[in-house]
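So this first bit is one chain, no partners, the form predicted alone, shown in structure tokens.
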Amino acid sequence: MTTAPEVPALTELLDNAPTNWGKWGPDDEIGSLNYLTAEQVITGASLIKKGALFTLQRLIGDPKGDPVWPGRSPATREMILDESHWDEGGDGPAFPGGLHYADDKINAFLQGSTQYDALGHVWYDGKIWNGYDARTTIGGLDKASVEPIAERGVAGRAVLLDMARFRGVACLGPRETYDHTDLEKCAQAQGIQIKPRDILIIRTNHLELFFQQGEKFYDDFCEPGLVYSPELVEWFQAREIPNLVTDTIANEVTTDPNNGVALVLHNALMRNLGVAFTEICDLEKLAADCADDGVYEFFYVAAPLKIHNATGSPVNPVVIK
């Protein structure tokens, strides 16, 4: 009889991991987004050449289904008022002049669609980003919620790293991993350089499998993505990466194949370095355009919804080429 290997605690695995706690003061709640100075915004805007817009949000309420983290339910939209309410016996409100209107609402996880994570979204050892006590999350995030990110907004130079095309596949499969050296090789193959303070956008097209497989997509769930190593974390810190954007649900391989720990980089990058995570993006139109014109650097701008004390927020990022 064989026994399963012991999975290390995050406190052990990340014992000597680099941290940016205190770098921007004891009250900071936006972390590495501080790297996106006015200079970075101007640099990004200077890349606009043809005025082409690409929105990266996936459709909420897609008839083909909405991919979400296991255990979360997709958003549901409910019609509250429509023309039928003015049929005979209906209860449509009467307005001077005869106005009719439609109204609806959604019930959704704030991280149930294309979204930004709050920096206080994940933690270990009783501390969230910047050393705030994890008990500040009770009843809502009093510290490091998505609200400060939404108030600030995000803009700068971004690069697309098309890992699927780089590896010559339609989409990356479950458990497939890549690291910072793979990102550098992909950038070189695309003819671009990953510069300090770049927003990194990584395409896997993995969620195409969701649309092909339906609920079977969640069987033995383990997405592809970045895989932890001390060198990768040091690479993110040295290059002052402010924002990681991908087309998967969690931005990283779900369970690390090397140690068995779940979502290591949510802690090593987000909790410890303050890197903002943007997830579940639709990168297909952008990727096709980049493959067509060979331009993989562009201006990126995004602002999640301003929601008080929230752990995350829907967002529709915009790329301008």
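Start at 1 and count along the sequence shown; that's the residue number. Being a predicted model, the structure only gives us computed values, none of them experimental.
The next section is about a form of this same protein that is not shown, the form predicted together with a small molecule.
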At 4.5 angstroms, heavy atoms only, are R72, Q115 and I249 all close to the small molecule in the model of the complex?
yes
Can you pick the stretch from 58 to 66, 263 to 271, 32 to 40, 283 to 291 whose heavy atoms fall within 4.5 Å of the small molecule in the model of the complex?
263 to 271
Select from the listed residues Q111, N243, S145, T204 the one whose heavy atoms reach within 4.5 Å of the small molecule in the model of the complex.
Q111
Considering the small molecule in the model of the complex, which of V122, I194, V227, L81 comes within 4.5 Å of it through any heavy atom?
V122
